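Presented as structure tokens, the chain that follows is alone, the form predicted alone.
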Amino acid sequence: MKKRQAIWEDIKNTASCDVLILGGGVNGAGLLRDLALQGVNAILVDKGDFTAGASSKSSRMIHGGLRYLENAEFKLVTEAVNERNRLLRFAPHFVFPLRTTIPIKSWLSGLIKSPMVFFGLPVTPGGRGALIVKMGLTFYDLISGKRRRTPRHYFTLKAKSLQTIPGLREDIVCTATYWDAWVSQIERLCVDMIDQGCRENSTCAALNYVTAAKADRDAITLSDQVTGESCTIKPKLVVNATGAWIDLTNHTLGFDSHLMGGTKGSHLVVDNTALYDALGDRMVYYEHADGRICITFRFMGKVIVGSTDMRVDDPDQAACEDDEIDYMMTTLKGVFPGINLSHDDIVFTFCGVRPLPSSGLDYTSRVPRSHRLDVAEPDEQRSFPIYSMIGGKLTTFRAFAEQATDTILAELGKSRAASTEEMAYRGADDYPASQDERQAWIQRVAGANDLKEQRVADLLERYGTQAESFAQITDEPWRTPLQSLPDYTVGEIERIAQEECVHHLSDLVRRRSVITMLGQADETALTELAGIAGAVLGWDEARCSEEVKLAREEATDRK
């Protein structure tokens, strides 16, 4: 990306554009990338940092939505499984297969309740026995067909299940195992998509910390929260991709909508050796007594536990509350009664708001997870339409962007010039296909560039095969590890700060990396990082201290 100030100057000097995208989460980023490939002049702005909403605060699951079969969302599940498989193929540096195991307490439970849920009758979901799970997993496997990227499901009887997963509850009859996927750094994937879009199409631009202050008949006023400057831009159409904030954004644009009914999902990141060892390479996907589905799986040396599903009116106020922490620890105790998890094991908590449509349903788990594009046509006060991206899942962002792009192209009278269906994400080209090939790639790059293998492995994890170009940089800062976080170098932090629209230290540690998420954002690390980033961004000593304070608060405020 260009430097932030240069991007703002470009936007200020742009009197009009084809599409103005509001929201820099995964849906907005995916849409910008797709539109850019079609030659559409698109500008994306976000009132905060890129991915600061639900995208960086999700469960990190890339999944087909097994439980949505119970709600008869077959189209969504089919789409999600296909998109999961695409991500496994075209983003292998960020998205990985995940063996998933379901502990099952009975053979026949749910034979009455599940059909009632399926037909929309007012009952609470839950109590799914082996037969119901078998039916769901069989359909799940059938969807993949020839595009399969993961093994088929299987069942394991009680004795072997308890032997395989130490500490698992003993009142089960069997376990069912199937495969989904998880994403390591969705933040980096989003930043890469934004950067790719702007590089592919020089008429496109994206900037964080810019608000849509108001809408006049033909133009929208944009306000840069960094410089305090404003400008107006005339779009042919606007896309509201602000997720749970859609109704609030529409109100700012001059009309009231009641499209959203978001629910918050809180998660824990814990450092507990017993739980880490018990899970191994699998996620345990379990049902609590209240029917709520919960998950726990390894994440980059730690363990994620989640999640809650609670209605929230104001997404800006959503936070992980004490009672939610207690709830998640209770659910985990229910499935791993022999493992002691304490509050001291928690290294980070986070809370995201799912961009679900308004439904009026009593049970949040039954709110549809599908997506749609809602249009507010031009009227006497506004000459351009506003399209709102409603719903969706992390897994299906590409498909949603594709569908939205096709609608937008029709509105603009243009044809699709390129498809993203078979397009690799940056860093995926020639990515090693197996562990042996990965190790050989690391050894080759390390040997050719006089680097330790662990350093190359760290770069590969963060940037995919782009790592080789970074490994070739011999400047001293690129070879100088941080004292507090030796898996990063000074040069790497300087590059992120300068080239990825970093404005706050929290952008760097929370939304350009997983430093905060892994519990590494302590005072020492933040002070060192602020000094490096601040030297690039022109921060004085007082600004550095303030940024450390703000980043530390974000690491501990449970949002």
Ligand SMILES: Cc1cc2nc3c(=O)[nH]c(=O)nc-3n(C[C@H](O)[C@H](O)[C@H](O)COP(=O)(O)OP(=O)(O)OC[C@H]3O[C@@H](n4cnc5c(N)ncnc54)[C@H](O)[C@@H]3O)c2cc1C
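Values in this document were obtained by computation on a predicted structure and should not be read as measured data. When you see a residue number, it is the position in the sequence shown, counting from 1.
If you look for the form predicted in complex with this ligand, you will not find it shown, but the lines that follow are about it.
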Could you confirm whether residue 49 comes within 4.5 Å of this ligand in the predicted bound form, counting heavy atoms only? yes
Residue 265: touches this ligand in the predicted bound form, heavy atom cutoff 4.5 angstroms: yes
Can you work out whether residue 245 and this ligand are in contact in the predicted bound form, taking contact to mean some heavy atom pair no more than 4.5 Å apart? yes
Partner contact for residue 128 in the predicted bound form: this ligand, 4.5 angstroms, heavy atom: no
This ligand: the contacting residue among 26, 508, 35, 521 in the predicted bound form [heavy atom, 4.5 Å]: 26
Students should find that, of 165, 318, 386, 394, the residue having a non-hydrogen atom no more than 4.5 angstroms from this ligand in the predicted bound form is 394
For the three residues 22, 60 and 249, which mark the spot I'm curious about, does each lie within 4.5 Å of this ligand in the predicted bound form through at least one heavy atom? yes
Among 529-537, 513-521, 40-48, 489-497, which stretch sits within 4.5 Å of this ligand in the predicted bound form, heavy atoms only? 40-48
